[in-house]
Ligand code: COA
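Here's a solo chain for you in structure tokens, the form predicted on its own.
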């Protein structure tokens, strides 16, 4: 028997036995998004009565995040890099914290011991013949946390797809929990008429041979619906989902024209349904790498015709983008938006696109505003912004002065708000 196989058998424990090694006051980093290890999290939460002040560091929590539920605050304190649906209430009730950080720079926090990692909980594939496991659908900051952690606990799950790129050897794992269970899935969002109109407007900006970065949600998925006539598109994106699979299978996405990593889908994590997971499993054209590579603006900028497509909550008439706050309420976070906006600006013939519906609250509020909500943060600055797209068209703000920006943005605002926006712009001295 290979030496690693002996060690593998020696390290197998139950979930309960594995988490017994976590101590009060530890900082525990959990694998990201749909790649989080449900059995390990459940076992950790079951120890709540024995633990005090365990810090749970996570980005997008796709599971129930029981460690952030009411009554857990003495045992666990969640430190979020991204506020999601299952952790938002805890943050708003001051039972959790939020750390602003570009997605690409999270690994630096671990590597430089700005956030020293005591324990990491990850989910990986079974080992290959050499004893290497794939990180599957979550490499992002998960690999860096694993490399920096004092204690590595891994759930080995045969449902996890084996992806190319980053991998981990069993020698680097302290405790192994064998637990096969279906992965968390992200079902495709509902795409309405507004999203379709936005998707069509964005698709007009996509050239043949372009390399795409796509965010999460109905608008990026709607864009994919209108790319069916394009040729030789590529993917270099922090993540991609089911919509990309259909375009790959139809021959629209080939990755042939990419100037960096030609022939490869490059991502740092994946979120989708089993259709996506089956597509990437053992697919030699799919590689997942750490986020400090995939989202590095210098790396992104090496692609010709790089196009980033992200969403926002508000854009003011100067071009400032708020993609994370509703008033002073932290709703989500920056994610990789700024990484890609800045990377795309370095790309030869590149375009960064911020796409959003023209209104919110059932048409009662304009998302194009004379100024951002009081208390809201600027996610993408007016100095970085390029294209803003709504269902009413696209505004190219690059090289435009403030007056020209206001005029362009008002032209793609909802017609019901254009007169009031003109009046407000005049009062502010922009028009």
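Numbering follows the first chain given and starts at 1. Quick caveat: nothing in here was measured; it's all calculated off a predicted structure.
One more form of this protein exists, namely the form predicted in complex with the named molecule; it is left out here, but the text below deals with it.
The partner is absent here, but in the predicted bound form a heavy atom of 333, alone among 133, 333, 106, 160, sits within 4.5 Å of the named molecule.
Site annotation in the predicted bound form: the residue of 114, 348, 326, 85 reaching within 4.5 Å of the named molecule with a heavy atom is 326. Contact with the named molecule in the predicted bound form, judged as any non-hydrogen atom within 4.5 angstroms, is confined among 245-253, 279-287, 90-98, 207-215 to 207-215. Candidate site formed by 352, 397 and 404: none of these residues places a non-hydrogen atom within 4.5 angstroms of the named molecule in the predicted bound form. For the chain shown alone, residue 320 is not a contact residue for the named molecule in the predicted bound form, no non-hydrogen atom being within 4.5 angstroms. The closest non-hydrogen atom of residue 191 lies beyond 4.5 Å of the named molecule in the predicted bound form.
In the predicted bound form, no heavy atom of residue 27 sits within 4.5 Å of the named molecule.
By the criterion of a heavy atom within 4.5 Å, residue 155 is excluded from the residues contacting the named molecule in the predicted bound form.
If you take 348-369 and check each residue for a heavy atom within 4.5 Å of the named molecule in the predicted bound form, you get 360, 361, 365, 367, in sequence order.
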